[in-house]
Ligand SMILES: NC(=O)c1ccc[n+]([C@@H]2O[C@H](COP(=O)([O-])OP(=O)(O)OC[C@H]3O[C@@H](n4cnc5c(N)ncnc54)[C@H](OP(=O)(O)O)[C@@H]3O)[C@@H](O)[C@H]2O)c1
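Only one chain comes next, encoded as structure tokens, the form predicted on its own.
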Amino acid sequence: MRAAQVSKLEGPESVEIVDIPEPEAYPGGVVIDVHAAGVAFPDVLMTRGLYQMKPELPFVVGGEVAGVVREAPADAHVKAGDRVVALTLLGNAMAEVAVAPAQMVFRLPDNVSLEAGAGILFNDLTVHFCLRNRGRLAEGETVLVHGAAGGIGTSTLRMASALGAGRVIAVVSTEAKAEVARANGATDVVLADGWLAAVKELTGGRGVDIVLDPVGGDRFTDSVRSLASAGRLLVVGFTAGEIPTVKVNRLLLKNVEVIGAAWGEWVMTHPGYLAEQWAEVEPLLAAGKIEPPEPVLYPLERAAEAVASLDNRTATGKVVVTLR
């Protein structure tokens, strides 16, 4: 089978298209003919050996797929021929065939394409975890998201209202990305240059209830300042590269919180949580209350370019690699 493989840790440019044997089925595993695979920022880090989980070289890039079940255990909740999305854990996604644990495979609603499906699990379930579990989003609250034209950002814009937000403010770096944010459902859009003053004006000086921040870097202190009384700042990642610090006295001023939101760690330590999430998100997708993503598609031959688009921050929305 064809696959996008990393054999040396030199960044996205080290991703190569190779022919390798198909993976063998294992007990409890579902064999999937992969049509599309999602790209996420951890893939960038893994190509440099900088992610907390480090697969042995060589490894196949990616951790989420959409495709058609070829073979499943007799007691699995999916069967041959089902359209599914799945997590493949540590790599092993950008290949024509993948095997995933049955508990991490889910039927895809008929109204969602396989290409869009490949962009759902990592980003949408991360956002669901952030807003529901860690952010404790209440009906009508205001959510602000940094990097709003990226994968996590557009997922937040698509999902926040369906999960109860009354207003969703997008922070973006360019006018072109502002258009992406508006297309994905932002209530308001502000540019990163001068964003705090703009948000204060939009909210009449009150601030926002939740900040979802996958960017980090020098925006962090102003994110704390942007919070309303009892607001929550959700730390999701550090695509800006710099890991910020917080002066905890700032948390006292308005009884605000800075909260870590590591979806992957939660999934690995809370068996059954993925199924709980899908039980809530899937009906919203099927009913059209959450619009499926409209991913930027790259053929497998351009997998290195797809991963690099997250590294150089040119990506808008979810990036997906197609295999069939």
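So that there is no doubt, residue numbering starts at 1 and follows the sequence shown. The model shown is predicted, which means the values in this text are computed figures rather than measured ones.
Omitted here: the form predicted together with the ligand. The next part is about that form.
Shown without its partner, this chain lists Leu285, Ala261, Ala36, Val30 as candidates; in the model of the complex, only Ala261 has a non-hydrogen atom within 4.5 angstroms of the ligand. When you look in the model of the complex, the only residue of Tyr298, Phe41, Trp278, Phe59 with a non-hydrogen atom within 4.5 Å of the ligand is Phe41.
Stretch-level contact check against the ligand in the model of the complex with heavy atoms at 4.5 Å: of 105-113, 74-82, 118-126, 157-165, the positive one is 118-126. Among heavy atoms of Lys177, some come within 4.5 Å of the ligand in the model of the complex. Among residues of the shown chain, Asn133 is not one whose heavy atoms approach the ligand to within 4.5 Å in the model of the complex. The closest non-hydrogen atom of Gly237 lies within 4.5 Å of the ligand in the model of the complex. In the model of the complex, the ligand sits within 4.5 Å of a heavy atom of Leu310.
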